[in-house]
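The chain below stands alone and is given as structure tokens, in the form predicted on its own.
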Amino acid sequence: MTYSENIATLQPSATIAVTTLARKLAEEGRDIIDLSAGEPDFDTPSWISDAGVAAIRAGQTRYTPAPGLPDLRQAVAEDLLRNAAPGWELAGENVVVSNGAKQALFNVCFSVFGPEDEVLVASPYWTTYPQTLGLSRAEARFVQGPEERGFRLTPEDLERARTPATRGLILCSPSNPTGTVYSAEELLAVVRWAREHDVFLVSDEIYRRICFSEGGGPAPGLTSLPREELGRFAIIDGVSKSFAMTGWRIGYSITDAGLARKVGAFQSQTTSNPATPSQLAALEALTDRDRADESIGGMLEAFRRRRDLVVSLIHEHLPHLGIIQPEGAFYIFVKVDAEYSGEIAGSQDWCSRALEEHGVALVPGIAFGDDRYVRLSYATSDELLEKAVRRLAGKVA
């Protein structure tokens, strides 16, 4: 069968593929520790779930406007303004609520980029970025900062990669897969470069609340910076990670009002609105701030403890492997190329061996643009994390 050129280069999600394989092996009776998942292992807080259930029982199951419920769009805007720098003005008209942050990203890229456009992508990158750009008929051009800086980009790095066809930049902080977090000063330098060169900046801030900074609070994002410093931009966010709501499928884009109207019109012709009960659950999550802060604080404390545990275990049992010290999200990017030899020629081989011989599932770094590394998710229990690292070191069955 002949397929459309629209999907000629499309590849399935590498992270979902690993998770699916791990679950299949577990169902077959294998003792598998799955450290590939990109989602919290916590249940959605009960008070949020109750709001979704109440919406269903109250008959709130009909269509909403395609860009989302007006109250939810306004709540998203107000949530961003909580930690915004002076000069920011956002309202519901700037927000489009989508079926997860992945759709929000696709909507923006498809609406802004097109054939012959080059879009710089900070590497290592989330696997979906280049695929989304390919579907938009744009070309991903990867750019990587120094390893010793946690791969964070500077204007000099970006300028070396820029060409006359450069139209955009996709950045993720806190980063999936590295956990790297840009400081406000580092982000400001990138923002100024983008504005100077009329580069549309897509800032993926889905992990912004999962940040281990000493001062506490969300990681710096675009709204942390003076509004006048920004050129054209889109923020991608959602409730999936911070509120353990991955299956509820609520993400959103925040842009200028004109682009939001275009994105909303596009969504109206593809999926229309996200599920109404999910929107009402998300509205509860974003408006009950006291309970939200308490729930996020509890998850953040657990993630910080797990991060410290895994880092210390790797240093103790696998000292020849390197790591990028994570400052946010719930991943550790582990440098495993010291073990490449013979049949182990890259990260896919390394992960295959880890799964087959040790029963530990991780994601090969080649899926994120760096074959020297693998991604380890510590969104699981302390007990399983310790057991997994010991297995990888050959110290436990």
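Because the structure is predicted, anything quoted here is derived from the model rather than measured. Sequential numbering from 1, following the sequence displayed.
Separately, the form predicted in complex with pyridoxal-5'-phosphate exists; it is not shown, and the next lines address it.
Residues within 4.5 angstroms of pyridoxal-5'-phosphate in the model of the complex, judged by any non-hydrogen atom, belong to 121 to 129 and to none of the other stretches in 121 to 129, 300 to 308, 86 to 94, 218 to 226. For the candidate spot formed by Thr180, Ile324 and Glu327, no residue has a non-hydrogen atom within 4.5 angstroms of pyridoxal-5'-phosphate in the model of the complex. pyridoxal-5'-phosphate in the model of the complex is approached by Lys241, whose closest heavy atom lies within 4.5 angstroms of it. Proximity of Asp204 to pyridoxal-5'-phosphate in the model of the complex: non-hydrogen atoms within 4.5 Å are present. For the chain shown alone, Gly145 is not a contact residue for pyridoxal-5'-phosphate in the model of the complex, no non-hydrogen atom being within 4.5 angstroms. In the model of the complex, none of the heavy atoms of Ile210 sits within 4.5 Å of a heavy atom of pyridoxal-5'-phosphate. This chain is displayed alone, yet in the model of the complex one of Arg249, Arg232, His317, Arg167 has a heavy atom within 4.5 Å of pyridoxal-5'-phosphate; that residue is Arg249.
In terms of contact with pyridoxal-5'-phosphate in the model of the complex, the residue from Gly365, Gly68, Gly38, Gly52 that brings a heavy atom within 4.5 Å is Gly38. Residues of 348 to 366 include none with a non-hydrogen atom no more than 4.5 angstroms from pyridoxal-5'-phosphate in the model of the complex.
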